[in-house]
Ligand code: ADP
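Single chain ahead, written as structure tokens, the form predicted on its own.
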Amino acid sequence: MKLSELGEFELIRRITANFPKPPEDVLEGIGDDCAVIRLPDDSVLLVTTDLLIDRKHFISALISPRQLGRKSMIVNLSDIAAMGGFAHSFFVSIAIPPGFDVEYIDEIYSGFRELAVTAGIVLLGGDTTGSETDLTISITLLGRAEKGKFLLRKGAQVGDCVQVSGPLGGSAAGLYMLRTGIPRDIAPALLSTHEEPPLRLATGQMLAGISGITAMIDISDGLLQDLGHICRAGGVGASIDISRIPLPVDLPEFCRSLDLDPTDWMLSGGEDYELCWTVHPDHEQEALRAAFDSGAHQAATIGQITAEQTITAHIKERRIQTDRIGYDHFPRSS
């Protein structure tokens, strides 16, 4: 069987089926944004790791090394944010092809350092090696959370509101600009969104303190894809009103000028690194106020959790129904 016949998430399930169950101190293993391990003081250790490869996750010729370092850190910090946790420390492994200057690598680590200072975390180690082909970066990030004050993907209940921390679709639009050679000054904010996504650590931490929040995830693979993880984990579905999804400032005019429809970018573009969560209706406004106070000034309610185990998205007469729309590292061919 080829990977394209299986898909990324079925591959993960196939791999994990062949390993024993984790011990009792592992509260959450594979299947959430972070692994959650109970510590002796009843707080929890959060562990996440991500791998980024040139030409797959970034294009080194189209992003500065400093931005690449920052974005690599955001990818991991976003997972900690999705759990409502506090980042602690990180490890970096990097595989460097021939021809890269030392100064280029210095700039990548400068980007790492900027985000590390912002998040208050330290570098504890890693590995360096050569690569025959592509630049590859792998970061493992450790975090912590208090007992009972972290959020998982599972837990959404029928009737819950679906909320997001900020605008969606800007990163995919920025990537489109880079790939098609559209000048940067046409929509600089969209490029900025793609190259330097927001850091929502404070937002996740504030939301974790609200009792009505039932589930949370970060939007890395697209809204429908990642909301789909919440729905599958809770055995529920969702209905999304596309007109309520907050948009980047430049996106509507950018799309009008090029006769483009931003809907697919909003729903499935990915790499927004905003948070998506579900909340009991009684706590809807409390959650939005907390998000706003944390700096997520465009947080919004965009839909509702439903009993039907599917996701629908609608705007006027257009209706989309899907179990999975978004980024897949091994997209199915059939």
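Not measured: the values here are computed from a predicted model. All residue numbers refer to positions in the sequence shown, first residue = 1.
Although it is not shown, the form predicted together with ligand ADP is what the next lines describe.
Comparing 261-269, 59-67, 28-36, 282-290 against ligand ADP in the predicted complex, the single stretch with non-hydrogen atoms within 4.5 angstroms of it is 28-36. Shown alone here, Ser171 lies farther than 4.5 Å from ligand ADP in the predicted complex, counting heavy atoms only. Put simply, Ser220 is close to ligand ADP in the predicted complex: some heavy atom of it is within 4.5 Å.
Contact annotation: Arg153 falls within 4.5 Å of ligand ADP in the predicted complex, judged by heavy atom distances. Using a 4.5 angstroms limit between non-hydrogen atoms, Asp54 is distant from ligand ADP in the predicted complex. When contacts are defined as a non-hydrogen atom within 4.5 Å, none of Ile94, Ser110 and Glu114 contacts ligand ADP in the predicted complex.
Contact residues in stretch 35-69 (any heavy atom within 4.5 Å of ligand ADP, taken in the predicted complex) are limited to Asp50.
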